[in-house]
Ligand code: SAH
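To begin, one chain is listed below as structure tokens, in the form predicted on its own.
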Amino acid sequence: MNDIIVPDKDPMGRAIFDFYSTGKAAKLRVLSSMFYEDEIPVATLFRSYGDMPLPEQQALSLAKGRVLDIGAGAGCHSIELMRRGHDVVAIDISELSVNVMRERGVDARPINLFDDTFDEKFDTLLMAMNGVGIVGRVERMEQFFRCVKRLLTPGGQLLLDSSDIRYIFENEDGSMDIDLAAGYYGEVDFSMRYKNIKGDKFDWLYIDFDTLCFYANENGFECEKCVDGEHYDYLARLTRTADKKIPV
């Protein structure tokens, strides 16, 4: 899910556009080979600060300087950061979502994080709502950290939240039904449907904190947990090891 998505292949973008335009949206369905069908309440993509979970609120409080909001969706985090006086750029691979954010006053651009031609500098990279999921698979973490290095200013920070989904595989006796031969358990496939629009299948990554720290350290970053959420989720702050002595 890393190419720019055109409207006729963009269930979430269309749902965001409908809700922004009319104040209501149909069911945004989420399908996976690993889980039962689920639904994203579209109104939550427009939530205000008071309705955000603790990891997101903490991330917004920790943001500093010029901020890049990655996978910004409807722009709720960008709008709150702008309200706080930050210079914010929002990127998303959905053309429809970008258009909605622009209508809401956000400097939004249809940009793929993994596009090497995008090389502006930011003091904070924000990946909220499990934004690190766009990495897709742990084997892409090295590529991901190259992108982070390209975009961060000296002394800059990456703020991201994710979830440890091992609880899904836990038995009543505490043992785990995780097939280690099948790869990392946090790698999930999804697709979405909205009205008559069916999106392509994409890989999504839920990464536990210890695994995140491992890949961060391997790629020259320090990783600290800022807060735990209410359901196996957490907020992490990552900084370049080489920037350790630079005031932040």
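Note that the coordinates shown come from a computational prediction; the quantities given were computed from them, not determined experimentally. In this text, residue numbers run from 1 along the sequence as written.
What comes next is about the form predicted together with the named molecule, which does not appear here.
> From the list 238, 25, 12, 235, which entry has a heavy atom within 4.5 Å of the named molecule in the predicted complex?
Replying inline: By the 4.5 Å heavy-atom cutoff, the listed residue in contact is 12.
> Since exactly one of 128, 88, 152, 100 fits, which has a heavy atom within 4.5 Å of the named molecule in the predicted complex?
Replying inline: Exactly one residue meets the criterion: 128.
> Counting only non-hydrogen atoms, which stretch in 42-50, 193-201, 215-223, 58-66 is within 4.5 Å of the named molecule in the predicted complex?
Replying inline: After filtering at 4.5 Å, what remains is 42-50.
>> Can you tell me whether residue 162 touches the named molecule? I mean in the predicted complex, with a 4.5 angstroms heavy atom cut-off.
In response: Contact check for residue 162: no, nothing within 4.5 Å of the named molecule in the predicted complex.
>> How about residue 147 - does it come within 4.5 Å of the named molecule in the predicted complex, if we only consider non-hydrogen atoms?
In response: Although the named molecule is absent here, residue 147 would stay clear of it in the predicted complex, with no heavy atoms inside 4.5 Å.
> Heavy atom to heavy atom, is residue 156 within 4.5 Å of the named molecule in the predicted complex?
Replying inline: Residue 156: no, not in contact with the named molecule in the predicted complex.
> According to a 4.5 angstroms non-hydrogen atom cut-off, is residue 96 in contact with the named molecule in the predicted complex?
Replying inline: No - in the predicted complex, heavy atoms of residue 96 and the named molecule never come within 4.5 Å of each other.
> Taking heavy atoms and a 4.5 Å limit, what residues of 215-237 are near the named molecule in the predicted complex?
Replying inline: Nothing in this stretch is in contact.
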